[in-house]
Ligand SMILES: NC(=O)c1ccc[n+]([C@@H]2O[C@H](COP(=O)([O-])OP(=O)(O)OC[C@H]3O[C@@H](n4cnc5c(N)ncnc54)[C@H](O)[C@@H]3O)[C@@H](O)[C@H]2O)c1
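First comes one chain, alone, set out as structure tokens in the form predicted on its own.
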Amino acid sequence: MLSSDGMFVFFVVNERSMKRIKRATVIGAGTMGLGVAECFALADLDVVIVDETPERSRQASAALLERVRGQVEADLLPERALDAARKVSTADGIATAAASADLVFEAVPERIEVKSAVLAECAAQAPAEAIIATNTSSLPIDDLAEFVQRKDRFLGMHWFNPPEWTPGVELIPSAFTDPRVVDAARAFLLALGKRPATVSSGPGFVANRIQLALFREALACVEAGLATPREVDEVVRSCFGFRLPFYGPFQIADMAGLDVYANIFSVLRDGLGEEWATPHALEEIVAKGNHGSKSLAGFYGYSEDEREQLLIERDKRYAALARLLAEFPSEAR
């Protein structure tokens, strides 16, 4: 939420009251940790960075300042962003950094033996009401929760690279996470300008499961001799990928026609095998005559006005993106 002086105010929920999030500790100063620390600093939080050693923590602070300076010079950020970066401090260890944190964000390497030790120390040193978040792209959140005292205040907060620009963040509660903590984390991310989505803990969560499925099939197309990596990238970038900044796969399918999708699956099944058979959920929807936006029902429901507005907005968005891409053509060609 926005305070009277124009600065963002963030809240964390505990059992008794609402408390401002003013202090954030970032554990791990790699690419993701630095980018997240930058986002926190630009939102006027008090940010502390901790890396493996005090020396590496100080180097990380200097690297963050250089990172922001480069973005300012590229006209990506205003000059005042440098002041925010200069305020980021370091600590000699987790105990000092976490002791007064309202939010502890762990971003150490993706190895459970490393994360377990760090999370255990974070939980032992942080205030009882502090949120503790792990940035993991694949490790089971319930497993990581076992290393945290007061599991109710722990959750996954999966950012994407580069974190300072990519809007999406997966929020992954464990079986023990208090729903109020999820709500507080979601509100916090929205105030940062991010687009959080709450998902369950499963292999790869949602984003990487879909992303790796795309990569698997892209590689299969190359191995089958259908196209080179360069041509596959162009197909993805300029065809269906062109839609993805604005719409997800379900709404894209609704606009394309679910009956059309079912027919394509039939061709794929005949050519590639039974694993490409039409998904049962899609068959059921199509059998009911729900073919997407053209029939006013698919994965979403539409009124006549909503359908017309959807198509008008789609065309406006695609036209704007086409102009942007013309200004910044792909180097792949």
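The first residue of the shown sequence is 1; numbering continues from there. Only a predicted model underlies this, so the values are computations on that prediction, with no experimental measurement involved.
Not on display, but discussed next: the form predicted in complex with the named molecule.
- Proximity to the named molecule in the predicted bound form, taken as heavy atoms within 4.5 Å, picks out 109-117 from the listed stretches 236-244, 257-265, 77-85, 109-117.
- None of S200, T228, S89, N161 but one reaches within 4.5 angstroms of the named molecule in the predicted bound form through a heavy atom, and that residue is N161.
- For the residues Q71, S137, S100, T166, the 4.5 Å heavy atom test against the named molecule in the predicted bound form is passed only by S137.
- The closest non-hydrogen atom of E306 lies beyond 4.5 Å of the named molecule in the predicted bound form.
- The closest heavy atom approach of P54 to the named molecule in the predicted bound form falls outside 4.5 Å.
- Contact between A29 and the named molecule in the predicted bound form is found at the 4.5 Å heavy atom cutoff.
- Taking the partner from the other structure, the named molecule in the predicted bound form has no heavy atom within 4.5 Å of any heavy atom of V48.
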